[in-house]
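Take a look at this single chain in structure tokens; it is the form predicted on its own.
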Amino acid sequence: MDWSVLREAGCDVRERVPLRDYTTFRLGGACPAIVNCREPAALAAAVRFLSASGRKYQLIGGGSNLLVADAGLDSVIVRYASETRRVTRSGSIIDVDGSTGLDDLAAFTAEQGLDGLVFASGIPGTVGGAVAGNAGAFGNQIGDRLVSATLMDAAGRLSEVKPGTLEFSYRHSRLSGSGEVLVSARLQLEPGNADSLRVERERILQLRRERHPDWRTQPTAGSFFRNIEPTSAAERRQAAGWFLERAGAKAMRVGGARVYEKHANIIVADAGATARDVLELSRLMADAVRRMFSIELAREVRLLGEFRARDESS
């Protein structure tokens, strides 16, 4: 396929790329091509080109919430992520591209003395992925800060929507399955004290260092299961890790995949691990909670590609 049009539009196109290089789990096989887009114009060019050509594609962000099949994919991957934060401020309003890292945005708002997003400090992934999954921590979620969003559909058409149309719920929005891409977001924050926010940000980062593996050095996707919904047998939302720990998850391992010793809801991939190991381990964990508490755990991590034998597909 001739990718020159996309390269001229600012896309970085690489063929036969192992997707382990683009996820924090560092697992998964190759795809025919990966189209890296850092700016909205490049993303639009990629989506329109692939749509017009009839080529099957899937979109990812920072790859922090993905488990890619060992066999890889037969579709092109469009990756919307940038190491440069693309954000502007107007008073207490923030406009940010979906390709910007969520932690980069949290750092920016703390530096600017704007309160409301410091909870996102240390969370990997992009703003686009965060809004799609309504990312949150410490009782806060990004959907509560959204004023409007610019979306792109599968044909490359843009639309501006209000938060009410995105159907936000716990760790979910309609973007999780609609095929639309969050191109940019407008967020409403509150005036705060920059020094206090920097202290709070460092406190949160230290907390994460103490309780979570560093995804930069230890392959992981963070919390594998969603916390328990209040409509379940738990009666109120409770940490999935609480149930997993009591069900003995910390002692579990499948192949090169094991449960993190400091957090029962986190799977880490040691040397030699496969995506199948991770998925099989997650099933053992969920089965243990089901048997002990009659509670069904729901994955927070998204599966991408076909998983063989008894495994699931995305």
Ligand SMILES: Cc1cc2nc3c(=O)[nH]c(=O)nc-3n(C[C@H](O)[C@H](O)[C@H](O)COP(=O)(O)OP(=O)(O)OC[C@H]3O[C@@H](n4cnc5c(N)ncnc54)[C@H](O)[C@@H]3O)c2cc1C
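Position 1 is the first residue in the sequence shown; the rest follow in order. The structure presented is a predicted model; accordingly, all values stated were derived computationally and were not measured.
Beyond what is shown, the protein has a form predicted in complex with the named molecule; the following relates to that form.
Taking R208, R157, R198, H172 one by one, only a single residue has any non-hydrogen atom within 4.5 Å of the named molecule in the model of the complex, and it is R208. The contact with the named molecule in the model of the complex, taken as any heavy atom within 4.5 Å, belongs to L66 out of A46, L27, L66, V259.
Taking the partner from the other structure, the named molecule in the model of the complex has a heavy atom within 4.5 Å of a heavy atom of R302. In the model of the complex, the named molecule sits within 4.5 Å of a heavy atom belonging to I123.
When contacts are judged by a 4.5 Å heavy atom cut-off, V87 does not count as touching the named molecule in the model of the complex.
A residue is said to contact a partner when one of its heavy atoms sits within 4.5 Å of a partner heavy atom; S82 fails this definition for the named molecule in the model of the complex, lying far away. Although the partner is absent from the chain shown here, G129, P213 and A221 each have a heavy atom within 4.5 Å of the named molecule in the model of the complex. Between 68 to 76, 238 to 246, 179 to 187, 103 to 111, the stretch whose residues reach within 4.5 angstroms of the named molecule in the model of the complex through a non-hydrogen atom is 179 to 187. Of all the residues from 133 to 165, those having a non-hydrogen atom no more than 4.5 Å from the named molecule in the model of the complex are A135, G136, A137.
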